[in-house]
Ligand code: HEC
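Only one chain comes next, encoded as structure tokens, the form predicted on its own.
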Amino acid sequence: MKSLIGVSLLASALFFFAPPLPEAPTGFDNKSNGLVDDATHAADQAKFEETEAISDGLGPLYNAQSCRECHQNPTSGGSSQVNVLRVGHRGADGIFQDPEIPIARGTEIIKGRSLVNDRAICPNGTLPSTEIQERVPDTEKIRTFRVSLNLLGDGFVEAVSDQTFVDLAREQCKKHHNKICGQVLYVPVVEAPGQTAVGRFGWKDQQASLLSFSADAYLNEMGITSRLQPDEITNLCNTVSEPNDKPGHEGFSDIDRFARFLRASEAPARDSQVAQTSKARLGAELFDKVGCDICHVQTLTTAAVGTKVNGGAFTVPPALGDKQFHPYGDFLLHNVGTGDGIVQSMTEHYGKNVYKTTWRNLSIPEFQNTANKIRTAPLWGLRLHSRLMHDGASVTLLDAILRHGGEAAHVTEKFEKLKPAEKEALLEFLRSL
């Protein structure tokens, strides 16, 4: 018996004093985090930065000609000031409805998506009379902009287990007596038909997988189809056969290269000089004291190497597994008083066949429940963002803080009660992120 007790105590002690997990690599040097060699990462980055032409399948409706166009500050994969337009309206039942946008002089209606593309490839020299430009009808009273997100370090976010987010939401809600409760949303993993996973990418957590995310953006932002999103937004002015992205080097198509580039990217690095100042260190303490850290969680850990994620479609590799990283975000959906009422379209993000598949753990009411919620903005790299919050409408850190209402209202009140020097210290801490 004494021997068993001793073993148990020793095991407990080893667990208690277990060394911290290795840190995820950080930086803006365009180096790989170890998932692939630097040469492969550079080649994937070149594909991410490639400007698409009409001959490559661009359009017919689109917002940008390359991934880098929207994700490029301070380097490829970062955020930018570029935003996109989303609209819709409430039906008679009060539930959000996607817009109906006429094109081609009203002969075709674009449905099943809240995104409005700002650009079109027609009319052009070949099709001078084809008018397909989208414009928002007066009937669509719900209107908002969404600023482009940072993608650097998202390979580590993808490697966090679903259960970690479930547990985080549960503890958050319990600890704060149901006043702050992040929503976990299970979303389809397009490359694993029938499987869902906890959403973590996009302002509405609409994607769980970086491959699904890449296919989504390729179609909806550049108008280029793929094996995961094979259907054009419109067949008018469509000049390239489907799908547009063909397997190339190593049998990888464009979306595979995009996903691998993001998975291999380093996490955003802090400003080490500012972070080491006494002012910023005090600000970090005040950040926790007023409760900002409840949603802007400092540290998350990735799943063990070999863990299956994305409905079994991706295995966590050594470069991403068993790591800790510091996003200052919980990647959960919250109502902080800035919600726009928009519910993400199933067909827009998961394809036109989404309703023909039975998806595990998929709940349409849960999607409807996200109307006035937004994913907590991770604060890593914050000092490099000139436009803040989901709509980019806040241009100073103070403005962004004071916009927080809803679940965050009492946290904002605590911030406002700080002394002027304390507020400035907290802002200095944010400038170090």
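One-based numbering along the sequence shown. Not measured: the values here are computed from a predicted model.
Only in words, not in the display: the form predicted together with this ligand, which the text now covers.
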Using heavy atoms only and a 4.5 Å cut-off, decide whether all three of Ala64, Leu388 and Phe415 touch this ligand in the predicted complex.
yes
Heavy atom contact within 4.5 Å of this ligand in the predicted complex, the stretch among 69 to 77, 263 to 271, 122 to 130, 100 to 108
69 to 77
Single option in Gly321, Gly311, Gly291, Gly351 placed near this ligand in the predicted complex, where near means a heavy atom within 4.5 Å:
Gly291
Quick one: from Phe96, Trp359, Trp203, Tyr186, grab the residue that has a heavy atom within 4.5 Å of this ligand in the predicted complex.
Trp203
Is Thr376 near this ligand? Define near as a heavy atom within 4.5 Å, in the predicted complex.
yes
Does at least one non-hydrogen atom of His404 fall within 4.5 angstroms of this ligand in the predicted complex?
yes
Leu397: heavy atom within 4.5 Å of this ligand in the predicted complex?
yes
Can you tell me whether Leu210 touches this ligand? I mean in the predicted complex, with a 4.5 angstroms heavy atom cut-off.
yes
Quick one: which residues from 205 to 229 get a non-hydrogen atom within 4.5 Å of this ligand in the predicted complex?
Gln206, Leu210, Phe213, Ser214, Ala217, Tyr218, Glu221, Met222
